[in-house]
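Before any questions on binding or motion, here is one chain by itself as structure tokens, the form predicted alone.
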Amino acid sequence: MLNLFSFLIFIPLQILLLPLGLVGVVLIAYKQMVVSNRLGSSQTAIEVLNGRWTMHVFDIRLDDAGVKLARALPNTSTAGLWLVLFPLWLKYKISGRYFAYPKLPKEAEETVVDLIIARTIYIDRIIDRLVGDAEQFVVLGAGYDTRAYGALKSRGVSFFEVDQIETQSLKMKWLGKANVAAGHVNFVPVNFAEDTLFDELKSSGYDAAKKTVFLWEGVTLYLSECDVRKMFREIGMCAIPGSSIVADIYADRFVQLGKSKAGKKTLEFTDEGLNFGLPFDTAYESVLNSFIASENLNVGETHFMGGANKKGPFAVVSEFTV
């Protein structure tokens, strides 16, 4: 009954607020693309933060720090997000059920629309299991990730966030403005083209003798295969046995979407572009295992997103152990 009532409210409200929803879309796009471009920051990092904000307000995943950061950052608009999502949010609040977006997809039945939500859930699940046995947590290409400012703070690990100096400086500035305490996090600015990751980590207090969880989320698809292999190899050589890398890797067919005329033009607006993927169209488990084994790592817990699709999964979230 509540679900039916929620539809009776949602449909006319959605129609009535459609012009405001379009204003919200324009506002979000302007902030994410134009303002990010001016700041020299990643627009895709904002897209992830917007997804985490949405998960919070729809009670899928609590992220107080992410919500505070999103409100403060100049290159996203929570007002725009509300203009777009308010009818769906009200329907959810009335019925207690998710409809269209956001939603909790069944494993292997995810679509590209579910990417941020599904990826976040699977990564959280792996991290929650691993972090109890680790002493350090390193976020590579941290962007606006806020895991270090939430429940993980109480898990007794040392935190390190690694990123390009422009994005990291912006994040540190606006964490302060958002009143998000960040004194427990070691910020490690790295120019990946010139600096050696572990040299920079050690200079910031990283202990190579301690078991570590490395999070590498939403990064591999923007790099060359050579650079992806280099990172896996460096961690495998420098981290102690028992350490883990939690990472996502994408299918060739997903990467090709970003190389389409529209996708390429959008990403190039902030000097981003998709590059690396694996051929997941057939025998995708063997493809992943072979690639990881070639860098002397082992595959642990794995979630293939969209695995039920006849074309194969569009991405995988996995634990790789040293």
Ligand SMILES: C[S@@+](CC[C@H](N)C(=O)[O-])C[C@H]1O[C@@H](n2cnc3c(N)ncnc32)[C@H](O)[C@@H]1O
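What you see is a predicted model, and the numbers here were worked out from it, not measured in a lab. Sequential numbering from 1, following the sequence displayed.
Although not depicted, the form predicted in complex with the named molecule is the subject of the following passage.
*Asks:* For this chain shown on its own, do Gln32, Ser36 and His56 all sit within 4.5 Å of the named molecule in the model of the complex, going by heavy atoms?
*Replies:* Checking in the model of the complex: none of Gln32, Ser36 and His56 is within 4.5 Å of the named molecule.
*Asks:* Consider the chain as shown here, without its partner, and state which of Ser203, Ser154, Asn179, Asn191 has a heavy atom within 4.5 Å of the named molecule in the model of the complex.
*Replies:* So the residue touching the named molecule in the model of the complex, by this definition, is Asn191.
*Asks:* Using a 4.5 Å heavy atom cut-off, which residue among Ile292, Ile60, Val67, Val48 comes into contact with the named molecule in the model of the complex?
*Replies:* Spelling it out, the residue with a heavy atom inside the cut-off is Val48.
*Asks:* Hey, in the model of the complex, is Asn275 touching the named molecule, heavy atoms inside 4.5 Å?
*Replies:* Close contact is absent here: in the model of the complex, Asn275 is far from the named molecule, nothing within 4.5 Å, heavy atoms only.
*Asks:* Do Trp89 and the named molecule come within 4.5 Å of each other in the model of the complex, heavy atoms counted?
*Replies:* Close contact is absent here: in the model of the complex, Trp89 is far from the named molecule, nothing within 4.5 Å, heavy atoms only.
*Asks:* May I ask you to check whether Asp114 falls inside a 4.5 Å heavy atom distance of the named molecule in the model of the complex?
*Replies:* Asp114: no, not in contact with the named molecule in the model of the complex.
*Asks:* Using a 4.5 Å heavy atom cut-off, state whether Tyr222 contacts the named molecule in the model of the complex.
*Replies:* Yes, Tyr222 is a contact residue.
*Asks:* Want to guess which of 276-284, 292-300, 24-32, 40-48 is within 4.5 Å of the named molecule in the model of the complex, heavy atoms only?
*Replies:* Stretch with heavy atoms near the partner: 40-48.
*Asks:* Using a 4.5 Å cut-off on heavy atoms, what residues in 113-138 are near the named molecule in the model of the complex?
*Replies:* Heavy-atom contacts within 4.5 Å come from Arg119 alone.
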